[in-house]
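A single chain, nothing else alongside it, follows as structure tokens in the form predicted on its own.
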Amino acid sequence: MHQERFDDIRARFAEDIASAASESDVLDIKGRYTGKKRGILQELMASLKEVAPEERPAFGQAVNALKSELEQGVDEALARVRDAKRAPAGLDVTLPGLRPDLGHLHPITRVRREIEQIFISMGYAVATGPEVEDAYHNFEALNTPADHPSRDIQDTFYITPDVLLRTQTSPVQIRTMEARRPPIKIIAPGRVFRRDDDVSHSPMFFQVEGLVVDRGITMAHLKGTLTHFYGALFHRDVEVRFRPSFFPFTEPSAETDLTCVICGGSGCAVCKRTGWLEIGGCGMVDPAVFGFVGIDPEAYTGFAFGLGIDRIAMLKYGIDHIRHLYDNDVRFLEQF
């Protein structure tokens, strides 16, 4: 007798809830069946006094089970009509969604992180400094006289006569030597700015410079360091050669070449058929620079080097124009 009443309520509820087309329809049905004042289940519980005393526990349990069943049906119906309301007509919301595009590291970021990890594995620390720099740290403390061409307005972005956008990360070396005593072993990666713009140069680009200061440092340490670094960076054995050059803050100074990583030294268009790639400058720290930072040049020597991260990225990934690195063209960037 009682089971028939429960089955009848279930059947009517299933029919009503299936026909509900809106959230208000579902809530109306919920009120009719499980409402506390006039709900069908409330009336069912009110009839408990008419049930024989020995049947009342089982009757009460059956009503509670039916209530849980109807409440679950209401929740499922609400989810159904709400999904239908959000979804445009004809859209099957049960279909799996489209996989979103995932971002990738920029090639310059990839190369910079790889460079940092190589030098960290060699015992170097990563140092940073301001991009808006004063003329003293950017030029004077680096032994660059006032009449040097690099200080001309044609080459440097000046904010005031004494404040500028740094033209190199070498000022980080000066600030490090001012703050610390040897031994010093750092690299300084970061953005730099120069008035230059062509296939292989940009007004804003990325450099990494290195500095080692200690007792007994020689050019042999410098060449061994760079040879190991380039081999690890390009994942192959390379030969490094020094060509005499001049930089105000190193003496002696050299341009660094390495065997072409494209042709292996046999000659190609990238290395202009020479088998060598010019990759950066280096040299022994000029004793005059030590004078600006209070380090005794009789007791300590050091070497420094500077490399273009953009140039290395172009070589590693076969990029033929530096502008591709800064155009933010998704078709280019998604290749990485």
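Here the structure is a predicted model, which is why all the values come from computation and not from measurement. Numbering starts at 1 and follows the sequence shown.
The discussion below concerns the form predicted in complex with a small molecule, not included here.
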(message) Considering non-hydrogen atoms and a 4.5 Å limit, does the small molecule approach residue 207 in the model of the complex?
(response) yes
(message) I'd like to check something about residue 26: if you look in the model of the complex, is any of its heavy atoms closer than or equal to 4.5 Å to a heavy atom of the small molecule?
(response) no
(request) Spell out, yes or no, whether the shortest heavy atom distance between residue 229 and the small molecule in the model of the complex is within 4.5 Å. (result) no
(message) Considering non-hydrogen atoms and a 4.5 Å limit, does the small molecule approach residue 247 in the model of the complex?
(response) yes
(request) Quick one: from 276, 290, 59, 305, grab the residue that has a heavy atom within 4.5 Å of the small molecule in the model of the complex. (result) 305
(message) I need the one stretch from 277-285, 48-56, 264-272, 66-74 whose residues put non-hydrogen atoms within 4.5 angstroms of the small molecule in the model of the complex.
(response) 277-285
